[in-house]
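Below sits a lone chain in structure tokens, taken as the form predicted alone.
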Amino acid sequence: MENKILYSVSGIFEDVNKLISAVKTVTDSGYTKFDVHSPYPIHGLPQAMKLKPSKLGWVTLVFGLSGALFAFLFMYWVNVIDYPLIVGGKPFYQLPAYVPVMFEVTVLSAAVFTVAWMLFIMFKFPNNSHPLIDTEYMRKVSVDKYGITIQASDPIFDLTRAKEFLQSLGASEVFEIYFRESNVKPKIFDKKFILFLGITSLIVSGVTYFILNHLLFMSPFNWMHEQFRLNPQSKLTFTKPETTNLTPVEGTVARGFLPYPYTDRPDLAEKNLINPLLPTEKTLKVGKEKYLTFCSPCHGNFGHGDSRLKGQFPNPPTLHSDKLRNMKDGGIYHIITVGQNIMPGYASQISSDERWAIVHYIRVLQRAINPKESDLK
């Protein structure tokens, strides 16, 4: 025993009520470096030990806010600085769209780094050489006993006095815990631990590979892969032509849908189509909303052809030219529906009424730039 260094004096208690009373007495006696062990959480124990609030919450707060800030700056850099894209007329900087990603990164970074801080900073993982490990004291308090251990580094510690003190508090057994030579200087990068991690990684990787690449293709786990269905462009034997990509029967239309009759006849569209909507405040509001979403990225907010795409797409002509101002509503509606030159058609994205509302709003923009004399009175 002469070569061993004392770590603590530990006492075993049979009853939880005696333990709580003993902890209060230990605290009142001036001991500051002691710990309590129990096989399950005990309510009121932190108060009896007079433990200060944990500072781990500040660690969680710092890492959580750091994750939120990183997510915000990364998205801002991508969307505004490095690779700006206009999507449906939306601005480059879109804080509401950032919030879900910021929230997820906040939670993830706070949780992951808090656990890492506990394991590697507070507990010095993989430090498995604590003096209490593999002792009779720890075996008892891990099953059905309770214990108090007073460390020898406590300012008022005295071996004889500490043993007598624990016995006076009702300890059924008192142990002297010593440092072992192998755990005086714990190894952070233990060879056995690194080997254990390596073997575990290989086993997990192998099992995962087997499950995802072999087991799921074996019966009965392959029912999702081998089911009665038709794959696109696959060959069939009971139809002509022998393909799954069948075209609709000629002359049929979808229920509730009338095909646009002037796809290749812009002259007839301008002549025959009449705007069925009145230019009410509600109609103009819908037209403005759809124009700013679908039209303004190329035509500009006021129709001058000053594209907001910064060279990503050729600028279209202005909507205030004599040709456009003199064109009938049906002609503008036709262009929005089927497109013109490199402008695509928007029939699949904008409903018929919304397209007519856009036509009304374009007329408002044209009237604002080229007002009549009566408008100025």
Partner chain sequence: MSMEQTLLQKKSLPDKFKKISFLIFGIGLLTVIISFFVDSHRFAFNYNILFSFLVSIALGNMFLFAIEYLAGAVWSTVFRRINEIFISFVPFVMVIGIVVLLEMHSIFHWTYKDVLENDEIVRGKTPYLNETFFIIRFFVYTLVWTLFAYFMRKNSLKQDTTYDQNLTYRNSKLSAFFIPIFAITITFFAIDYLMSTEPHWFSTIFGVYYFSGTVLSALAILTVVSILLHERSYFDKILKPDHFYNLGALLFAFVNFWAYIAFSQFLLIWYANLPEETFWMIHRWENGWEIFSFILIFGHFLIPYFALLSQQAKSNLNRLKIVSIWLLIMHYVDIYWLTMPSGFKQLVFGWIELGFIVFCVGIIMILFYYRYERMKNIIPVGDPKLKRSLEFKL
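Residue numbers count along the first chain shown, from 1. Keep in mind the model is a prediction, meaning the values are calculated, not measured.
Unshown form predicted together with its partner chain; subsequent notes refer to it.
Engineer: Give me the residue from L69, L61, I342, L51 that has a heavy atom within 4.5 Å of its partner chain in the predicted bound form.
Structural biologist: Contact residue from the list: L61.
Engineer: Could you check which residue among V204, V99, L108, V253 gets a heavy atom within 4.5 Å of its partner chain in the predicted bound form?
Structural biologist: By the 4.5 Å criterion, the partner-contacting residue is V99.
Engineer: Tell me, yes or no, whether H214 is in contact with its partner chain in the predicted bound form, where a contact means a heavy atom of each within 4.5 Å.
Structural biologist: Looking in the predicted bound form, residue contacts with its partner chain do not include H214, since no heavy atom lies within 4.5 Å.
Engineer: Tell me, yes or no, whether Q94 is in contact with its partner chain in the predicted bound form, where a contact means a heavy atom of each within 4.5 Å.
Structural biologist: Result yes; Q94 sits at the interface with its partner chain in the predicted bound form.
Engineer: Give a yes/no on whether Y209 approaches its partner chain to within 4.5 Å in the predicted bound form, heavy atoms considered.
Structural biologist: It does not: once its partner chain is placed as it appears in the predicted bound form, Y209 has no heavy atom within 4.5 Å of it.
Engineer: Find out whether any non-hydrogen atom of F302 is located within 4.5 angstroms of its partner chain in the predicted bound form, and reply yes or no.
Structural biologist: Close contact is absent here: in the predicted bound form, F302 is far from its partner chain, nothing within 4.5 Å, heavy atoms only.
Engineer: Looking at heavy atoms inside 4.5 Å, which stretch does its partner chain contact in the predicted bound form, given the options 86-94, 161-169, 145-153, 223-231?
Structural biologist: Flagged stretch: 86-94.
Engineer: Pick out the residues of 36-52 whose heavy atoms come within 4.5 Å of its partner chain in the predicted bound form.
Structural biologist: Heavy-atom contacts within 4.5 Å come from H43 alone.
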